[in-house]
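Shown here is one chain on its own, the form predicted alone, set out as structure tokens.
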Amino acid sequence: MAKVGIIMGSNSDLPVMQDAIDILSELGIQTEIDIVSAHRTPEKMFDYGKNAHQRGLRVIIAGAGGAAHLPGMIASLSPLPVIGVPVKSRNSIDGWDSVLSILQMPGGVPVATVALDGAKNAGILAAQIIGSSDAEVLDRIIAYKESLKAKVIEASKNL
């Protein structure tokens, strides 16, 4: 079974990253969750990035605030797709530092970047990546999107 790695720079990022954990659980996709700091545990980050694919991970979601180097560094080390979640941390410049640190990657080192604190969308995107080659996951994504449509229709009827 395909797994998604969900990493974050510190425990303070967990409330944001929980949205990715929750949606992937809802979609029936296993996760591996860890704290991996690009600045405080670079050796751990290096090992994680180089070996993630060997543990059965198919996608990595990396959340970070402030300077937010974790997603880009993981993308430089891993052959897996990396989705970056900029986190608005207490030391952040309205989150823009995180957004730009993750978004502005050099050619050859892509990081798919979602909105500030957009971990739910990161989880959905990871599921869609897996669903592109796994029919069961694809069916669950289709059902999930249909449920979104049904909620809008229901809300419209209740106006």
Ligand code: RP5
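Heads up: residue numbers just count along the shown sequence, starting at 1. It should be emphasised that the depicted structure is a prediction, and the values quoted were computed from it without experimental measurement.
Same protein, other form: the form predicted together with 5-O-phosphono-beta-D-ribofuranose (RP5), not shown, and the subject of what follows.
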> Taking the pose of 5-O-phosphono-beta-D-ribofuranose (RP5) in the predicted bound form and superimposing the site C-alphas, would you call this form open or blocked (blocked if 3 or more ligand atoms are within 2.4 Å of a backbone or C-beta atom)?
Replying inline: open
> Heavy atoms within 4.5 Å of 5-O-phosphono-beta-D-ribofuranose (RP5) in the predicted bound form: which stretch among 23-31, 103-111, 45-53, 60-68?
Replying inline: 60-68
>> Even though the partner isn't displayed, in the predicted bound form is D13 close enough to 5-O-phosphono-beta-D-ribofuranose (RP5), meaning a heavy atom within 4.5 Å?
In response: yes
> in the predicted bound form, does S78 have a heavy atom within 4.5 Å of 5-O-phosphono-beta-D-ribofuranose (RP5)?
Replying inline: no
>> Is N91 part of the interface with 5-O-phosphono-beta-D-ribofuranose (RP5) in the predicted bound form - any heavy atom within 4.5 Å?
In response: yes
